[in-house]
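Before any questions on binding or motion, here is one chain by itself as structure tokens, the form predicted alone.
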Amino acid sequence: METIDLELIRIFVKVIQQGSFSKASIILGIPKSTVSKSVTKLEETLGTKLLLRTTRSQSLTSSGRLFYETCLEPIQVLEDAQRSMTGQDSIVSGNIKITAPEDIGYQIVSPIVGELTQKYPELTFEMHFTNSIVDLIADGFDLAVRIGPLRESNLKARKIGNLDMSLVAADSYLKKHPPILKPKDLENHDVLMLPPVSSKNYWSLVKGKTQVKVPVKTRLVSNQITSLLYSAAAGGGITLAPAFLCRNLLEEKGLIRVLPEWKIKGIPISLVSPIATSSSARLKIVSDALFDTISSRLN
């Protein structure tokens, strides 16, 4: 096999990171036609198809995905090394693309990014908040905040901690319904839940070393915790939420903790990246800021 021009690899990586040939051409400062020809030449040199292209979209082949995963980190290291030759500050530059669940994105990630834009003027950001699991490789994301157990993959994961979920309801709701003195009492109340929901739903609550499984009656389902909290604050029923999300509503909207000694414990929250964040100055700064802030809010 002939030697591969490193610049062809860099162009290919940028196409995936930016999600299109047009955006890659802008970032690289070269014509779109040059970008397209470079990827084609790389495919010819490798003897395999890397991208499936249509007039409106592109997707990685299995070979393309593997090649991208292999090349992404070395290209990042080389780019940082090149930047370092023009001064230390210029290493912390470029675009960072972040995804996170909606609630954490709005309340935690957005303020952190706002602070970082002030501290590092040469950094730019793209934020995509969704409760769906996005493909970091195919969609060109640099960092993701994930809640729940992680699937096996080649992604680099750093566990931040665990979310403890507490029961909350509005005072107005509690005054109109039977008292809740023990977990079993929840069976007679309206519950607001995150999906998935089945015909028989349960909450597994823990208190110290004691664990109980309580069947509950689902009245409302939403994929966003904040919407459940506002519905609960309006008297819609009882819901579960992490303390850092419902703290303000407890103070402002009359929400009250129900069975405060009981909770759903230990939902993992992690920071995930296609490459080791330590290999990139800009990724390390952003990931450390996310890690430290989210970790402090869990306590």
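Quick caveat: nothing in here was measured; it's all calculated off a predicted structure. Just count from 1 along the sequence shown to find any residue number.
Another form, the form predicted in complex with the DNA, is not on view; read the next lines as being about it.
Trainee: Using a 4.5 Å heavy atom cut-off, which of 232-240, 264-272, 46-54, 64-72 contacts the DNA in the predicted bound form?
Mentor: In the other structure, the partner sits against 46-54.
Trainee: Which residue among R257, K253, R247, K37 has a heavy atom within 4.5 angstroms of the DNA in the predicted bound form?
Mentor: None of the others qualify; the residue that does is K37.
Trainee: Do I30 and the DNA come within 4.5 Å of each other in the predicted bound form, heavy atoms counted?
Mentor: Contact check for I30: yes, within 4.5 Å of the DNA in the predicted bound form.
Trainee: Should S278 be counted as a contact of the DNA in the predicted bound form, where contact means heavy atoms within 4.5 Å?
Mentor: Outside the cut-off, so no.
Trainee: Taking a heavy atom within 4.5 Å as contact, would all three of F21, K41 and Q58 count as contacting the DNA in the predicted bound form?
Mentor: Yes, because F21, K41 and Q58 each have a heavy atom that approaches the DNA to within 4.5 Å in the predicted bound form.
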